[in-house]
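Only one chain is given next, in structure tokens, and it is the form predicted alone.
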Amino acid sequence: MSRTDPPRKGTFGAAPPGKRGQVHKVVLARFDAVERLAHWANALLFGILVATALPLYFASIESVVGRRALVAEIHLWAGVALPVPLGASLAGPWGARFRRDVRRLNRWSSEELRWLRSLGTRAVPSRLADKFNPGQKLNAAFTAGAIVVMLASGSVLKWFTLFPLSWRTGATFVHDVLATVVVVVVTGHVVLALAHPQALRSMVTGTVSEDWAHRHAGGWAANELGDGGSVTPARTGGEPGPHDETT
């Protein structure tokens, strides 16, 4: 790769020219604006649902908050709106990248299946790791399923006159138990995100560094860079570096 070659596929190029011999930082596009907006809209609605559920389930909190009817109404419509950001983001030409990532989330390699069978004790080699690790794929599947089940059970609880008593009883149990599991999973998701700041930052900026990609998603990085997993950093000025081979 020569010093004048354009940025490689999957990157946003290099940093502005600086001092003599300075290495440009290569970054990869991980999430586009549609994916990021869908994620944060979904997170906001989940937050509203949890915040409004607390006064509905705990009398001590309700006594402080008050306005139970209003809280219940906000909870209801936040739940109804929950699938909207994801559905709108997947529809139309603007969701092309999102749809590709959904297909990625549904594909499991043999290494990832081994990780699953080992209950997470056998790590996927970083050079083979996909854009999303197995834990993220499980979380995505759980979230999608939880949205459907919580919306269905919540609808039975709200419009109960349309359903038999056995349905209402079952819906109450499912809704309450799954809500507890959702809180635990979301809390774990937030803790892990805070523990991996660059991964969290990618959901804000949309990009990750090449170094991070190779360390955490080597298979995806190699595919994005299109050269077996390595990019020769561009340099500014001076003599060619040891890896500045002209192709």
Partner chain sequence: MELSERRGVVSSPEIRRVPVGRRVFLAMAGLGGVGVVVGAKIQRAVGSFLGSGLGAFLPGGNRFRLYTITGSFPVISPAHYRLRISGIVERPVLLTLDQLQAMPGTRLVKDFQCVTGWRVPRVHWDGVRLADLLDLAGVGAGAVALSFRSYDGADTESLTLDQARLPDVIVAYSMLGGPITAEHGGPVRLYVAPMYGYKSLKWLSEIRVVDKVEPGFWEQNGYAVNAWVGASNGRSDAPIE
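Computed from a predicted model, the values in this text were never measured in an experiment. Positions refer to the first chain, counted from 1.
Missing here is the form predicted in complex with the partner chain; even so, the following discussion is about that form.
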So which stretch, 191-199, 205-213, 65-73, 34-42, is the one near the partner chain in the model of the complex (non-hydrogen atoms, 4.5 Å)?
65-73
Looking at Leu90, Ala146, Ala123, Val80, which is the one with a non-hydrogen atom within 4.5 Å of the partner chain in the model of the complex?
Ala146
With a 4.5 Å heavy atom cut-off, would you call Thr187 a contact of the partner chain in the model of the complex?
no
Does Trp94 make contact with the partner chain in the model of the complex, using a 4.5 Å heavy atom cut-off?
no
Is Leu86 close enough to the partner chain in the model of the complex to count, meaning some heavy atom within 4.5 Å?
no
Could you tell me if Leu178 has a non-hydrogen atom within 4.5 Å of the partner chain in the model of the complex?
yes
Which of the residues spanning 115-139 lie within 4.5 Å of the partner chain in the model of the complex, based on heavy atoms?
Leu116, Asp130, Lys137, Leu138
